[in-house]
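The chain below stands alone, shown as structure tokens; this is the form predicted alone.
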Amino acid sequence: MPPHYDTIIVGTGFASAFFLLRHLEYASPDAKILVLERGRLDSKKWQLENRATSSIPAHNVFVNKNLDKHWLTSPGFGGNSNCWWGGATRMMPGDFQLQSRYGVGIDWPLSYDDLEMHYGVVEDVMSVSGPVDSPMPRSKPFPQPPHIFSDPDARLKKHFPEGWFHPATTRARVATASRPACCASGVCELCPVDAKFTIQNGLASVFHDPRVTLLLEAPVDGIETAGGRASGVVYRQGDRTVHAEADLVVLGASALFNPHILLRSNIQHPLLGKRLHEQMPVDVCLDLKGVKAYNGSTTISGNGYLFYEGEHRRDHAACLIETWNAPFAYGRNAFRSERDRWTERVFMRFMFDDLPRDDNTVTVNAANPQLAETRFNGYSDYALRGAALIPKMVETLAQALPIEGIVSVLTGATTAHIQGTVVMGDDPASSIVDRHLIHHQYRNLLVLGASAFPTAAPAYPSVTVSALSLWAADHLHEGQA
């Protein structure tokens, strides 16, 4: 007989870890929980010695059919928390209500207010540094004080006090019990001092709970179903194929691998694997006159909300701006050539929300079904119309900054925020999971993470992914508290 568990969770990244954190608060003392992770535990020491966040190359897990468009992933314990840069912005209220507020896209089936309390819990766990003011409603302050602005950020804040803010980030401003303060080295993917929050340095304890069995190097091939329910999973360990049964199955992989597993399980839906998306990034380099950049206290030293929320979203995408404090992170045109003016140059990334397209997809690779396959055919016209306004946006920034000229405007290959492919919604005909991330057809199957995102907000997704997991766990156990 296959082993039986109360719960089987797939993945160990943000979505799974925060779900498990809350799930354990409700679970009985004798609960049996199996967690399956396809990768290994690549320690911080291993990552630094090998200059990599995962010992499994990306080409070993998915095939990218458009090499101009990158999809960054880090298989292993902690998932993409190993390779993220620590950006911890919440979504704005309007991001959840694009259709009802602005007449474009679709609404999320939940609101900012539904997640506000959960956002606060996530920020406490991650020990997020953020501004004393805020562009969105908050019920409590950030756990950590803000980082230091660069000189360009300070000027922008002074001129646009309600439009420019310190970054919300897990790159620690002050040391925590397990993390030192950010060293502003600009290599956050590997973080040489381990200052950013990761599952390894901040939430590994939930996987050490005696009720939890964690199996590494155990890729999941599929979900088994019977009688209209998810009955368990099939996974591999070495050369063995293993079947395990469960009362509850939780997919907490990424927007690449959640749909891949569902497709291999013959769990069908017209939208499954479609609407792969992320924000559209455009990198802008500006020369300044008499103002030195690169002197803030963390890699991204400011966030601009001047072009984010508002009626303009009826016509074109919203935009979140990052000020980069690490010139070599881009590796091109980092400094000016004029003597004594080397740092009178600033890099900014303009990130535009996107309305997902059905022709951007994750499928099962025909030659090797164990690999996911991505196809990306472009951003929406809505995002492109927003990006076309960058020259006007720069003119607005020139009210605060002495801009001598635009050095370059280049569309980036990725924001490293993989979203969509298992969309959430109230209607089973137009969505795969409901507002609590429960599969519409298999009601004991949850699909967590950014795969459920109906649209791509300009904000970074990780704290929203984590808050959604708490939200889903609370709903699952409603009445048990």
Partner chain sequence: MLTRRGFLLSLSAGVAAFAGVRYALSSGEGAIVTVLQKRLHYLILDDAGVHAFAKDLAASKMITVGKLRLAAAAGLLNFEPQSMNLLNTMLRQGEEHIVSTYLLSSDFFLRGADVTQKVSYMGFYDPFAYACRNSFARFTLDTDG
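From a predicted model like this one, the values you see are computed outputs, not experimental measurements. Residue numbers count along the first chain shown, from 1.
FYI, the form predicted together with its partner chain isn't displayed, but the following is about it.
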Does residue 112 make contact with its partner chain in the predicted complex, using a 4.5 Å heavy atom cut-off?
-> no
Would you check, heavy atoms only and a 4.5 Å threshold, whether residue 336 touches its partner chain in the predicted complex?
-> yes
Indicate whether residue 287 is a 4.5 Å heavy atom neighbour of its partner chain in the predicted complex.
-> yes
So in the predicted complex, does residue 179 come within 4.5 Å of its partner chain, heavy atom to heavy atom?
-> no
In this chain shown alone, the residue from 269, 166, 313, 274 with a heavy atom within 4.5 Å of its partner chain in the predicted complex is 166
Looking at 209, 404, 247, 373, which is the one with a non-hydrogen atom within 4.5 Å of its partner chain in the predicted complex?
-> 404
Given its partner chain in the predicted complex, answer whether the residues 150, 295 and 327 all have a heavy atom inside 4.5 Å of it.
-> yes
Note: its partner chain not shown here; in the predicted complex, the stretch from 212-220, 274-282, 232-240, 182-190 having heavy atoms within 4.5 Å of it is 182-190
Residue by residue through 341-377, tell me which have a non-hydrogen atom within 4.5 angstroms of its partner chain in the predicted complex.
-> 342, 343, 345
